[in-house]
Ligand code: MTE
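Taking the form predicted alone, here's one chain by itself in structure tokens.
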């Protein structure tokens, strides 16, 4: 079973925001944004822009009908700057013109007077200034103070992880159309239709039933369109409301990179204590999250960092503290992994530090500390763990020791190249950690010709969620996939949706679809029972388009049954609701059971470093991954491969660079490097974890969106190990490990002449 969208994608027939036919009278928006990162906004002069060719109107904060605010968790993000500017790229004014080109041209004629203030770009400085978006959060397990006193070995250090540009193929954008009675219809490139609906209502003053948000699909999201799509939809909505004309805005790539937030950079401190047997006894970590200028989704991202602070390891004594620091950068936001990768990098760095000082391999410490069944996570949930199983099965398949030995043998004879190997275990929780968000609805119609229509709140953005939901309906009804069609995510059909995020969309919306289909199926069985002379409905099943009785096919086919049910006035539609059972979390105690299940896996990563030039190649990523029971191996393998490469990119080459004034310098694909076909691993092998453990995933098919990204962290440590094999300089734990940084570490201090 391949993706249901593959055919239309290849033929160029799939509809994205920019493919929607324009309505007559459409205006095009362009934002004038702040040229500086921090300052007092004294005046905005739009006179020349308003007089420019093709310009219909210029909008500033004073023109907004509703509230000039789009901040969801904390109301700290004005749609248009007023009084102050807090980051370079912050929208100040909206130009509406007859064409995109005329809107852009006119926006350059706007002038502003800004009294520049010193920007804060470092989260540690913000924390020292007390400039936190929300109070610090903390997890505590055991007693670290006493535990450290009894440790045989204690090590402390610091790590830095940079941001990451989402670089979705389709940039941010929206198209707003006025409707009857002052309403609006919004086509938005968003992962959260309801979030867009709320933001639009807030700035326009309209109630939610006056605003319809429709999403066909996205050209990628990776978290960047979970919350940040709100601003562009709100801009178009304000324009449409004030002009009574449709308004469209699809950002240019450089606009998108300049004005939107990234993965959160983190600066972190760790302290790790081990006993004589290399068991980790105590671990303390402090995270300084660079949230940017406004809240956005930074607090829940920070919470996810705490939830994953010990990765796949059981540590009996943990104290993890996290600070959400306000700086003068664009508000950073959700990104695949949602704070988890930043936490995992720190614990892996602490283990690598300890291993290096103790003269053992990191894998020895990793293996001895993997979490097992019955162990407690720092947040109170008791593990049902496949961490050890995934390590053992991966080792049995790939022979970790042999791969490490192969690298050592190569290094012993190679003069200018070194190989490095690292193992990366992963444990990632699946659910929104805010319990009320774990709910979904599905609307299913069975038409009288036997075809099936499904609407959910899930947004298709290339991850295959529509394919999996269609598979659910096809399986319950015993039909071929061609009989099922997934319709757009639309806030009039499915209201109050959670965003497509947290790797939970297929589970939540798939389960809701399963419930809806089963309820329709059960009604159809009541109709079929006398027609096939069955004693009970329990003896009936649907397979291959026919009714089966006691496992034998009858002459009653699906379409005939559906029509008979309709003639008997049986309901062939269902709107079902699903909530994840058994999950809870109380921030008052910082304890609970927040995750429906965990995804486990173990990868071994091998690299080769050119020690003259600082270049490197990822030779292989071999992983044993926990699919559960995969519904669709083609989709899941694609997600794993993509996640691995995106994680490697974050760890090795994707460097977000702001200058001392807070202006983005890595603002184009000439200055921001992502993995291309030449830099992806030469070999990616994926071994399904063999397990009979039940889980709460749809049909036991575990989520695959986010967990594989963390395997990419192994590339950092593989490169670091290769450098250490060359010059033993113990590179700092600063990511990304770009070729420039590799080169500097290869020839650092007294090692400059080592090659000569």
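Keep in mind that what you see is a predicted model, and the values were worked out from it rather than measured. Residue numbers count along the first chain shown, from 1.
Heads up, the form predicted in complex with the named molecule isn't pictured, but that's what we're talking about next.
Student: Can you check 409 to 417, 600 to 608, 517 to 525, 218 to 226 and let me know which stretch has heavy atoms within 4.5 Å of the named molecule in the model of the complex?
Tutor: Heavy-atom contact with the partner occurs in 218 to 226.
Student: According to a 4.5 angstroms non-hydrogen atom cut-off, is residue 712 in contact with the named molecule in the model of the complex?
Tutor: Flag for residue 712 set to no.
Student: Using a 4.5 Å heavy atom cut-off, state whether residue 142 contacts the named molecule in the model of the complex.
Tutor: Judged by the heavy-atom cut-off of 4.5 Å, residue 142 is well away from the named molecule in the model of the complex.
Student: Given that the named molecule is not shown alongside this chain, does residue 162 nevertheless sit within 4.5 Å of it in the model of the complex, heavy atom to heavy atom?
Tutor: Heavy-atom contact with the named molecule at 4.5 Å: absent for residue 162.
Student: Tell me, yes or no, whether residue 72 is in contact with the named molecule in the model of the complex, where a contact means a heavy atom of each within 4.5 Å.
Tutor: So residue 72 does not count as contacting the named molecule.
Student: Any chance all of 465, 501 and 504 sit within 4.5 Å of the named molecule in the model of the complex, going by non-hydrogen atoms?
Tutor: Yes, the whole candidate spot contacts the named molecule.
Student: Of the options 272, 461, 257, 422, which one has a non-hydrogen atom that comes within 4.5 Å of the named molecule in the model of the complex?
Tutor: Spelling it out, the residue with a heavy atom inside the cut-off is 461.
Student: Of these, 455, 639, 241, 491, which has a heavy atom no more than 4.5 Å from the named molecule in the model of the complex?
Tutor: Checked against the cut-off, the match is 639.
Student: Within 4.5 Å of the named molecule in the model of the complex, which residues of 687 to 708 have a heavy atom? Give them in sequence order, or say none.
Tutor: 705, 706, in sequence order.
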